[in-house]
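Just the one chain here, laid out as structure tokens, in the form predicted alone.
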Amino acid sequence: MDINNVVLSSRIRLARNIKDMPFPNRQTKSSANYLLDLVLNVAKENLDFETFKMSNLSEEEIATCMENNIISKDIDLNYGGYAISSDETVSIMVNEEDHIRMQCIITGLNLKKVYDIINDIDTVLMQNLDYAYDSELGFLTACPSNVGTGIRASVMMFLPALTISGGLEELSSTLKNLGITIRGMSGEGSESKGYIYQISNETTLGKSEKQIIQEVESAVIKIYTLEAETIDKIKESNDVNLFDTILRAFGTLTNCYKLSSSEYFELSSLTKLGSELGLIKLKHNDIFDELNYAIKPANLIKLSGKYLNELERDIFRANYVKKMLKSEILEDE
């Protein structure tokens, strides 16, 4: 089984704060605005990033940014902002949980490359900003779990076989003892959608960036191997009920009149699993990774070019998914 069908993306996030300034949850209006202007100006002048203030964005623009993982739900909508690279792989959030949350996301498994990219960005910011840093503790952050390197290395994985078989729960306990955690696709406190999980380090203190990245990548390889082995076992099991559920999901996905986002994630994940099992013939599976973003409410409105209420979104979503699957993925037999 191709690892790229299991590993969806790699992400490195760094948490940084400015020396002698209160954390975002204790900022005054004037200190928050000062810090916002300070960081955005540094990013614009030294990195040539495009910058935005949340207060200048519409609700639809904010929702689109959140759906595309450019910003998080924790960013301050009044005194926050972000800077973004031209290829949109790197974003720098200002006044989120920390003064600065910078991240880089690329497809596939390559945390080392992601770290090299974000480390270069961090170096530029460090040369122009006075970070809050302690010689013993490392980078000082709003949440104690981020003190130290301030790094969160995470990988998104599609794990239907381990989920269905029940193996993921036992694996999660084993990895937790090694400092690796398995979360839902939106991170801490979120649920899994479409068998998609985030694998990441739990703490940052007492370990180097290199060590953390190696530990996360080793865990990802182990999980991938177990997922591939479980897929093979499911193939051999000839589970009629599961196979029937998968084909019914594919039939619904390609013939429904309306489709909610929760239904999409359920049906598309089963369809993608069906492709891995050889039950459904698809040209490639990464179309689902694209659709996972496209079918969200704000992105659908952007695609349609007009406002859509919930029912209209469900109808548009169904037609869009059917069009993508039927015209771009299904092979002629």
Partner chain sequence: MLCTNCGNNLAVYHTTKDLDGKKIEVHLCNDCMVKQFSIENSNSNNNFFNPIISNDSCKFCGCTFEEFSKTGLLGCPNCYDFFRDKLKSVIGKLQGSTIHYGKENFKGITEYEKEFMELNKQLKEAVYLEDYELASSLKEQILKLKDINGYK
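Numbering follows the first chain given and starts at 1. All values reported here derive from a predicted model rather than from experimental measurement.
We do not show the form predicted in complex with its partner chain, though everything after this point is about it.
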| item | value |
| --- | --- |
| Every residue of I18, N119 and D122 near its partner chain in the model of the complex, heavy atom within 4.5 Å | yes |
| Listed range touching its partner chain, judged in the model of the complex by heavy atoms within 4.5 Å, from 208-216, 253-261, 159-167, 77-85 | 208-216 |
| Option touching its partner chain, based on a heavy atom within 4.5 Å in the model of the complex, out of L175, A249, M185, V147 | V147 |
| Single option in S72, T181, T203, T89 placed near its partner chain in the model of the complex, where near means a heavy atom within 4.5 Å | T203 |
| is_contact(Q103, its partner chain) in the model of the complex, heavy atom dist at most 4.5 Å | no |
| N128, heavy atom within 4.5 angstroms of its partner chain in the model of the complex | yes |
| Interface membership of S58, its partner chain in the model of the complex, 4.5 Å heavy atom rule | no |
| Non-hydrogen atom contact G138 with its partner chain in the model of the complex at 4.5 angstroms | yes |
| In the model of the complex: members of 15-38 within 4.5 Å of its partner chain, any heavy atom | R16, I18, K19, D20, M21, P22, F23, N25, R26, T28, S30, S31, Y34 |
